[in-house]
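Form predicted alone, single chain, as structure tokens, below.
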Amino acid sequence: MTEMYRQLSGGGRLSFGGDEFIFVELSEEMRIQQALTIQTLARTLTAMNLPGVTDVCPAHASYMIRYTPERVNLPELLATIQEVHEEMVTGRPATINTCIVDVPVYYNDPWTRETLMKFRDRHQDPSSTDIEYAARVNGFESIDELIAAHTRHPFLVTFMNFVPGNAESVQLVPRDLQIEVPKYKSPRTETPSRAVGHGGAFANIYPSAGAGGVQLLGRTPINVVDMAQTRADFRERPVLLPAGTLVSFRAISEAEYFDIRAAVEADEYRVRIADIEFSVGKHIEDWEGYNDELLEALQ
């Protein structure tokens, strides 16, 4: 019989979900270096094509492995996980082959503003808009300062949310510089498609209209999901921002929003994407300078 919990070298623990899932927690809280390590672990294990392993899903401070019991030698799989974990967590900082994606955003747009005003009774501050509230609780003197901070450094997609294409991402800055804002006291029943929001320390984009509880900051004119994969930007995969992707939010005007949206609907717009090799070590050594280098890849 396998024990319910197993401590892993370098910190963290492994546990089981029924007879199909292995759950690995690095800690109870999320840190940037840890988030990068989790993405590396997930990508490494996926690339190994381990017999019987059907999926490896990273999250903010953990990752989960799904496997087929009939096809897996469980002691061998656990030994492999331990070996990879020890190498990634306690060894030399790894690199991640990924990409950085340009996401234009019309901040403080009329559509999200119209929507959020319908739900002031569910908000912490009924007298202000979401973006005004987010700016104030983060110590910014204006909305423009918040927008400047939100677009200054890239974000890392750490978790694929509950709707295809909805990717939660954390900004690659130290904790004391993180933009943090609470979610609504109770969720909205309405959110425009492609709304850009922020809840806790995480940014996300609503791929379609629906309920939601994060603070609404703006709207992007580009699509983040195409399950039919009919558009050029989605030929290789149905979602724009899979886990491990870097996101660069870029502020645009109302005129730019309409121009880009028209091009998207005509399938004439191409999202700017640059393939990169992300070095965890370089980010640890000089996060600000390295972030600038990453953003330059989109130029």
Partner chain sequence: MMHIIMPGLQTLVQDSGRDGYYALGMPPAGALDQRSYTLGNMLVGNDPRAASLEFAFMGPAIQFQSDTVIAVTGAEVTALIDGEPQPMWASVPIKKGQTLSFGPMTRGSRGYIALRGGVDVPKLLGSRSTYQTVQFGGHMGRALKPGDVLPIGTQIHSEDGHGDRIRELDPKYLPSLDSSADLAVVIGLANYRFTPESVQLFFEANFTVSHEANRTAYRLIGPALEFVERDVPFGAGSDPSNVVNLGYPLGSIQIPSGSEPICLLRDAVTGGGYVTFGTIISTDLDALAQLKTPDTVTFNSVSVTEAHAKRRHAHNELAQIAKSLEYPWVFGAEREETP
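Keep in mind the model is a prediction, meaning the values are calculated, not measured. Positions refer to the first chain, counted from 1.
Keep in mind the form predicted in complex with its partner chain is missing from the figure; the text below concerns it.
- Only one of 94 to 102, 115 to 123, 143 to 151, 160 to 168 places residue heavy atoms within 4.5 angstroms of its partner chain in the model of the complex, namely 160 to 168.
- With the partner omitted here, the residue from 275, 285, 19, 288 that has a non-hydrogen atom within 4.5 angstroms of its partner chain in the model of the complex is 19.
- Comment: its partner chain is not present in this chain, but in the model of the complex one of 128, 178, 193, 82 has a heavy atom within 4.5 Å of it, namely 178.
- Contact annotation for residue 155: none of its heavy atoms lies within 4.5 Å of its partner chain in the model of the complex.
- Mapping the unseen interface onto this chain, residue 183 counts among the residues with a heavy atom inside 4.5 Å of its partner chain in the model of the complex.
- Remark: residue 57 counts among the residues lining its partner chain in the model of the complex, judged by a heavy atom distance of 4.5 Å or less.
- Interface residue remark: residue 201 is counted as part of the site for its partner chain in the model of the complex, having a heavy atom within 4.5 Å.
- For the partner-free chain shown, 13, 15, 16, 17, 18, 19, 20, 21, 23, 25, 28, 29, 30 of 9 to 31 come within 4.5 angstroms of its partner chain in the model of the complex, judged by any non-hydrogen atom.
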